[in-house]
Structures are given as C-alpha cells and as structure tokens.
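What follows is a single chain, given as structure tokens, in the form predicted on its own.
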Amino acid sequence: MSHTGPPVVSVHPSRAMVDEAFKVQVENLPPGSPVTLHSLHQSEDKDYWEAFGHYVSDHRGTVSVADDLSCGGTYTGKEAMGLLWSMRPVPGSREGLRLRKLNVCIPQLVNISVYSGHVGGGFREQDPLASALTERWYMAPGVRRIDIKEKGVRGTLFIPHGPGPFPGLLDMWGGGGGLLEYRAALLASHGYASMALEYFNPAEVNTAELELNYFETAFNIVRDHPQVMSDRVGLFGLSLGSIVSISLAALSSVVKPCCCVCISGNHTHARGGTIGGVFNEFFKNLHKVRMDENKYEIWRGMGLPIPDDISQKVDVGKISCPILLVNGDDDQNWPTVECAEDMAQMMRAAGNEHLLTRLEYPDAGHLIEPPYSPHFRATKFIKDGQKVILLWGGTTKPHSDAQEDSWKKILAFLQQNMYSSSGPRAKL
C-alpha cells in the first residue's frame, strides 16, 4: 500500500493512568522505512528524560510499538511500554537523578515522536517526522486530595471517587524523607483511601514512645475518616517504610492492620529503638560499605549477617494479619531477600507463616516502583548530611518486568484482603 499524506503518530489512550498500558502507532510511512520512535519528558525538576527504539515500517508503511520488534535503542524486542520504562536522563544531565511526580494534580506529559532513520542521539538537533503528546496520571478523575495537618501528623489523604466507604491504607516511603504523594494517589485511584505520610524527622520524634504515638495517630486518622471502613485499614511501605509497617503490625496495641504490603523492607530493628535510630545502627557498620567501579555506595553488606539475637529484630511471630513481601534478588542497598527468609523462619516457628506471601524477582533492585516507571539503578542520597550516590541494583529490563508484575499482584493482594467483592478500577 502506498503512503498518502504525511506520517502520523497516534497514542491510544492519549490520556491514561500511569499503570495503564498504551498503544503507539505510526502510519503513512514509506514501506520498509527505518525509523526511530522517541519519547521525551521534562520532569518537575526541569530535567529531561528520554527513551527510543529502532523500527522498520511494514508493507503498509506502519509501525506498531506493541506488535513490532525494536532492533536497537534503549530497549529491544516487542515492548509495548518500552518508551516509558526504559527512559533515562538525556546525555549531559546531572548524575544520580530519580524521576518522581511532585504534583499529582497535573499529569506527566510525554512527547512521542518519530524520526527518519535509526537515530542514536542528538534528537533535539533534528526535526521529527511527526509527534503526539500523551498524558499520564497518578490521580483519577473524582479522587479528592486532602492536606492533613492535625494532632501533629503531616500527610496527604486521597479519597476515591464515590460515596464509599472504602478500605484505607497508610502509605510510607523510605529514609530519603519528605512527603511523596504519587503512590497514595494511584492507590486511591484503585479504590483505597490512602494517606501518604511524612514521618522521617528524628528531631521531632526522638523517643520510641513519641514515635510510636505518631504512627498510631496517623493510622487512626485514616481509620476514623467517615468514608473509610474502620476494620479494613492496611499498611504499605517501601524500604524504611516497610520497617515501620512490620514494626507496627508486630508491636502496636493500637495499629491493627488488616494486611501489610512491604517492598524492599527488613525486620532488623532493635526493640525499643527509634526509626531514626535505625540509621545510627546502620552506620556502626560503615566499614562494610563497598564502592562499585563508579564509586557508588553499596550498603547491603551493612545488614549482614542477619543477627541471631532476637532483641535486634522485630518479633514477626506476633504479626496477625496477611503480609506481602516484595523484593529484588539484585538489591544492592540491603539484604532484603535474606531478611525475608529469616522472617519466614521466625514466622514458621511461631506458627503464623501461613500469613506470609513472598515475591522475589531475579535481577530486580531495591526501588520497586509502580509499573512503567524508569529503573533507578543508582541515585543521589543524603547520608549523614553529605550527598552520595547509592547503588540500588537491578538490570533495566528484568527490573521493569518486576515492577509490572508485582504491581498486579499487590493490587490482587489488596483486593483479596480488603475488598470482599470487586472494587473500583482506575481508568480515565
């Protein structure tokens, strides 16, 4: 078929949730033409991220990213979402960047273009044959965002669309600090009233009692909301947030979660200590930190060997709700897989191992994010007041596969344990 008119790029759906797959197609190309599909996003930190794949148009002058093979670029093979998950900072960018959505009330904009020939760089110096703009949203229509500053607690609560009541989640990120809202917004888009919690400020909660009270108060804010099912509130954490979740589920007399999701977490937290004190314990083992060839810090050795002393670990034998552990086998930040095995042994001995579900992914690293997020192998981190670059681990393709698969299983786990029937789905 001869091509008519100029080339056209289409993205369907052009407006979608970040965990929703899209289809990218180019039409009106000459048959058998080598072309490059290129994606470009400017972050809210004003950094540019890109991905690209090399294709050859078929006899109709068409390229379908979902159906055709990329023979080069930042990804290869048949990869419908490769233009998103293989994104990386453009050449010349600052080192150690991490892409995070800061304002969930506006979409992530991605420009997708097609270029003539198999191009490997210098995209800004060339004119594309055609382009299309796509919107990626963390917050579905009708989700309400509520600032929380009460009883000393700081966070953001997201309420799903509709009258409710809904299951609730307390969502906690890692030791980098700050208030990160994008996962809670996405969870609310799937029908869970989710509160992103800001919690890492050792100066404010400098005793174990004050700290426990802070988390219990936050949990109660979610539980007591009129649109939340008070008996169906869970915990969701990544890294340090998972340590908090495991500790609360095992030790708190107030926090009684109906389930927990823990990504890249561990249970090696001394009893009676504060979460802020976790880093003090870590840094006693600074001599175990290694450097890779790029001088990125590898921390996993600080967590080994797993202590035998029960007082140096959370008593996970006291956990009484279903718990899902999600880990990457190539986690270079912490020995999370070894911790998961030790937790399983402790729970087996206590008779509650039936509550434990483990997901472990080959060649995946520490930062397991929602699907189609770029893979962050090494990023900047503030260690004891100094900027360093931490190696989180993982290889891009298997890590991205792990993000997609684990998210589906996390949502299924939440559905099974928090909804008795089919819950709302996020769709734009």
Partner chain sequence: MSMKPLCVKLSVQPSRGLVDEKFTVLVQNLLPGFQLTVHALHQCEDGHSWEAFAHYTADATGTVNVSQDPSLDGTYSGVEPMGLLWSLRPVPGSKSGLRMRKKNVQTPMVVTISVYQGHQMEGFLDRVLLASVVVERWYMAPGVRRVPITDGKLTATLFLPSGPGPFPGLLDLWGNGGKLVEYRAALLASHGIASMALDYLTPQITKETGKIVDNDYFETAYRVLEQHPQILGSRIAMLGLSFGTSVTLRMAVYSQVVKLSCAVCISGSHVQPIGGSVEEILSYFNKNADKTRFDENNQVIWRDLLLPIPTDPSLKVDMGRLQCPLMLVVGEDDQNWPSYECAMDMKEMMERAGNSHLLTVLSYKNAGHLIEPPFMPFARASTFRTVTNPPTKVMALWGGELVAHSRAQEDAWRKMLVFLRENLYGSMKHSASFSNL
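Since the structure is predicted, the reported quantities are computational estimates derived from the model, not experimental observations. Positions refer to the first chain, counted from 1.
Absent from the display: the form predicted in complex with its partner chain. The rest refers to it.
S.K.: Can any non-hydrogen atom of V24 be found within 4.5 angstroms of its partner chain in the predicted complex?
M.R.: Looking in the predicted complex, residue contacts with its partner chain do not include V24, since no heavy atom lies within 4.5 Å.
S.K.: At the 4.5 Å heavy atom threshold, is E135 in contact with its partner chain in the predicted complex?
M.R.: Looking in the predicted complex, residue contacts with its partner chain include E135, since a heavy atom lies within 4.5 Å.
S.K.: Test of understanding: in the predicted complex, would P141 fall inside 4.5 Å of its partner chain by heavy atoms?
M.R.: Yes.
S.K.: Just to confirm, G162 within 4.5 Å of its partner chain in the predicted complex by heavy atoms?
M.R.: Heavy-atom contact with its partner chain at 4.5 Å: present for G162.
S.K.: Based on heavy atom distances of 4.5 Å or less, which listed stretch (294 to 302, 243 to 251, 224 to 232, 91 to 99) is in contact with its partner chain in the predicted complex?
M.R.: Heavy-atom contact with the partner occurs in 224 to 232.
S.K.: Hey, with its partner chain in the predicted complex, do T76, F283 and T396 all fall inside the 4.5 Å heavy atom range?
M.R.: Contact check failed for every one of T76, F283 and T396.
S.K.: Within 4.5 Å, heavy atoms only, which of T379, N28, S64, S43 is in contact with its partner chain in the predicted complex?
M.R.: Of T379, N28, S64, S43, the residue with a heavy atom within 4.5 Å of its partner chain in the predicted complex is N28.
S.K.: What residues, if any, in 95 to 128 have a non-hydrogen atom within 4.5 angstroms of its partner chain in the predicted complex?
M.R.: If the 4.5 Å heavy-atom criterion is applied to its partner chain in the predicted complex, 95 to 128 yields only P128.
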